[in-house]
Ligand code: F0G
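Next up is one chain by itself, shown in structure tokens, the form predicted alone.
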Amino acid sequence: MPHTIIEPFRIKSIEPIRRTTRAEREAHLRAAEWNLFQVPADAVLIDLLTDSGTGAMSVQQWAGMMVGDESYAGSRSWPVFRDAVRDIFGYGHVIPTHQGRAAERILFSVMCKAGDIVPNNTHFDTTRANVEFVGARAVDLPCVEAADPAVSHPFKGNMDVAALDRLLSENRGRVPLVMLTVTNNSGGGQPVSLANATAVSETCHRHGVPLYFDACRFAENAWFIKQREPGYADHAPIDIARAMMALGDGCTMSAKKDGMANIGGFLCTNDDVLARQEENLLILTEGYPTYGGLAGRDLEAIAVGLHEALDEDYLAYRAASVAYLGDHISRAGVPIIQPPGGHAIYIDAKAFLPHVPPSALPGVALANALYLAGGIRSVEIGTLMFADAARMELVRLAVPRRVYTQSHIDYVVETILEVFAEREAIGGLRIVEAAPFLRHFTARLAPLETAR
């Protein structure tokens, strides 16, 4: 029996991609003021900027879109969506939103006030920004193993439970909720164990503080638990996901990740009072509670995608394809967060470019070099994204779901190794202009040697 893990699907429709010359890429990067978010997608050959909303939908999802009911209130697609979410996540109230950050904004607007503290294993960019926008403070409490990118540990996404206990003890009345991100995106796409989630839940509830999951990649996290945590090898991913969500009081979700859809998200809670407040804000800013800013066809696509993301053949392929990229470049000496993550490979830009200090944005410098060398777009997770809160200087290569084949990944490997061989020639950048929140999206940058 062959051991190769193949794509568990056939390609039925294609989208052409176009090669550009280095001169063209140099012109695009200059016009974008060295910010890859500003580069036109048509000028990108392999787009690994994000796995959010960039995946390919299945024939079952497309079929669901054809029966989507676009009624403003009481759409037939609403109970299909609601029941699919409840089947996996189990929470009583399901509040649809147009994407995950809308769910975060509603959650923190209702639950937080100025001076509050919101702990997380590691906040991602929109989560941190939405916490800080209401005047609260986002605190990261990653496990000790997460501090060293080169250390291999099965659950580097875990939260430091002892640190959480101390924070809750020392800040009574100031912590309206605790969040646990699965998988831990800013921490390298690393999973959280069920044992750790259980300990976090017990600690929260002992202090009378609700636990919410950032569940964007809940299916990938369930797969890692099945593969790595003793006692779960014979458990189905859906049962592992249900067990984890049962530990919480609610969740936020970007369905653009493990919802396998191009748009959409939701906020869940078991609290009747909070749900009413959240629905009131939803109506004000997103839409009616039975569509929440989404078309009926999107509700249908998400309802299918949430269950497709838990398919074992898909998850085995997903994890193997990402690990393939990480293993090939790390064997050649490229420093990455070990072990490879569930949705992305994170290059340690600080170790890759030791001559470029954090103040000169080594992650951005490396991401730009990869684009110039091969038309590959990635994203920095470091000083530009998080400013003084940056724990590491990383470049994330996020692999869209069901989009690229092994030959595409082989091309990415070859490009990274070419840049690695010439890494001493890569220089740093400076920030010319930046917004107060989520500045990496729109920042204007300049190479240090040409900055004025």
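Predicted, not measured: the structure shown is a model, and the values here were computed from it. Counting begins at 1, following the sequence as shown.
Below, we refer to the form predicted together with the named molecule, which is not included among the displayed structures.
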Note: exactly one of T181, T269, S378, S77 sits with a heavy atom within 4.5 Å of the named molecule in the predicted complex, namely T181
In the predicted complex, the residue from N196, S330, T203, T126 with a non-hydrogen atom within 4.5 Å of the named molecule is T126
Quiz item: Taking 4.5 angstroms as the cut-off for heavy atoms, does G100 touch the named molecule in the predicted complex?
Solution: yes
- Evaluate E220 for contact with the named molecule in the predicted complex, applying a 4.5 angstroms cut-off between non-hydrogen atoms, and reply yes or no. no
Would N368 show up as a contact with the named molecule in the predicted complex if we use heavy atoms at 4.5 Å? no
With a cut-off of 4.5 Å between heavy atoms, is Q190 one of the residues that contacts the named molecule in the predicted complex? no
Original post:
Honest question, do Q61, E308 and R402 all end up within 4.5 Å of the named molecule in the predicted complex by heavy atom distance?
Top reply: no
Exactly one listed stretch (143-151, 369-377, 250-258, 275-283) reaches within 4.5 angstroms of the named molecule in the predicted complex by non-hydrogen atoms, and it is 250-258
Across 193-222, the residues having a non-hydrogen atom within 4.5 Å of the named molecule in the predicted complex turn out to be D214, C216, R217
